Structure formats: structure tokens, C-alpha cells
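Read the single chain below, which is given as C-alpha cells and is the form predicted on its own.
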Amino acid sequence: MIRIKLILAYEGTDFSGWQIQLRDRTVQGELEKCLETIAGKPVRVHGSGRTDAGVHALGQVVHFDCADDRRNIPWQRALNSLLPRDVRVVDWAEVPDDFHARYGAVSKTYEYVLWHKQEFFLPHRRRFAWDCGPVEFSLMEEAAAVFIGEHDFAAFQNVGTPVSSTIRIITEISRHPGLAEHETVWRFSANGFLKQMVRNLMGCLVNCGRGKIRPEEVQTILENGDRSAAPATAPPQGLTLMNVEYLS
């Protein structure tokens, strides 16, 4: 057997998330159907993590095993000829058999796009940004500083995926210009994220930017660990998985 690593890009709008489901369309489901066609038998794909319905990716990493006689297949070209138009393989490589897309990841980076013009929202950005309205960036950045470092992020985890620990290390939350004049991009990097953690952090920062909560209150929410005390989850369409890093 050989192990293949893929880097995927996809638009999440018309998917019910990454993880395969019995009836709903998912990224994993579409990919496994194409791999079965090429390999001649079912192939299980392992992703670096699950993305929610409506969430996008430019750097989702996955791996799968297949028979050695498939070693010479040009996986990018072969899969892209079969995959639907909202999924593409952007790179691939044969990797050692101890590589694991999920368990080997040491860092992930997401970006979240906000549209903050009150008067209008460009229609072609509606699938890729949150129309959150005007916000005060200085308040958001003050609140973001609270999250940097190692903390227990239980207050920013939604239910649904059991984990052994809710402690994570955030190394970056930064603001950058967006594609359009009235957009900003917020970049989040950490050694890992809990279920819907980035969307929950973004929802909290937007509430600070709107003046609904004070930045100093964020510290209390974080320390108390009570999800019900934290602001609502940001919508999915502004979020994109950008990159997953590994030690080697």
C-alpha cells in the first residue's frame, strides 16, 4: 500500500460540511466517490479536520491509502477530471505511511471575512463574507489580544465533538485588508481549534466592535468557561481554512 496526501480547495456553500453523511452532499463524500472510480474499490479519506456546512477551504489536507499498483496515477489531474466544480485538488504527494492528516497537524490557519459597510452588501460577496455592519476595529483588536496564548477555550466550543481537552494555543489573531473596499480579513492561527471555535471567537470580536460587550468582559467569559455566557456563533460563509502545517 502507498499513502497519498492531497491539498484541497473547495467552496463550501453547497456542501453539508466536510464529513461524509448518509444523505447529504459533503466534500468527503464527493472525494471518496471519485477515488473509488479510480481505485476500483472503496477508499477511506482522512481530513485534517471537519469544516462546517458553508465553510470554505483553500488548504484542506487529506490522506488516503491505495494499492501500490496505483503509484503512477497523476492524482491531481485524475481527480480534477471527476470532481464537481466546487472542489479541486491543488497539490498532491506520496508520503510516508506514518503521515496522518489529522493527528500530525501542528498548526492551522483560518481566515474570516467581514463586510462592514452599512448601506449595501455586494451580491457577489454574499457567499464569502459576513455582512456584520460597522464595527470599531480598535475594540476588536483589544479583545483579540485576550485570546493570544494558551487558554481553556471551553466557552468558545459548540457541542457535538467530544475532545480530551479544551486547552488550545492561539499564536495569531490579526486584521488585514479584504478584496473589496469595505471588507476586512481576520486571520486566526493556533495549534488546533475546537468545534466552531473560530466562528465563536469571531462572533465575540464583532460584538466587541459593535459595543455590545467590553473587551475587558472577554477575559471573564474566557475564564468562566461557560458557552452560554459568550456571544452567538458567527455565520459560516465568511470562514476559510487556509493552511495546515506539519513538522515534516
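Start at 1 and count along the sequence shown; that's the residue number. No experiment lies behind these values; they were computed from the predicted model shown.
The protein also exists as the form predicted in complex with another copy of the chain; that form is not presented, and the subsequent description refers to it.
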Partner-contacting position among 102, 71, 127, 175 - heavy atom within 4.5 Å of another copy of the chain in the predicted complex: 127
Option touching another copy of the chain, based on a heavy atom within 4.5 Å in the predicted complex, out of 57, 31, 198, 190: 57
At the 4.5 Å heavy atom threshold, is residue 82 in contact with another copy of the chain in the predicted complex? no
Looking in the predicted complex, any heavy atom of residue 171 within 4.5 Å of another copy of the chain? no
In the predicted complex, is there a heavy atom of another copy of the chain that lies within 4.5 Å of any heavy atom of residue 10, even though the partner is absent here? yes
Classify residue 90 as contacting or not contacting another copy of the chain in the predicted complex by the rule of any non-hydrogen atom within 4.5 angstroms, answering yes or no. yes
Looking at heavy atoms inside 4.5 Å, which stretch does another copy of the chain contact in the predicted complex, given the options 93 to 101, 138 to 146, 115 to 123, 155 to 163? 115 to 123
Using a 4.5 Å heavy atom cut-off, are 14, 86 and 179 all in contact with another copy of the chain in the predicted complex? yes
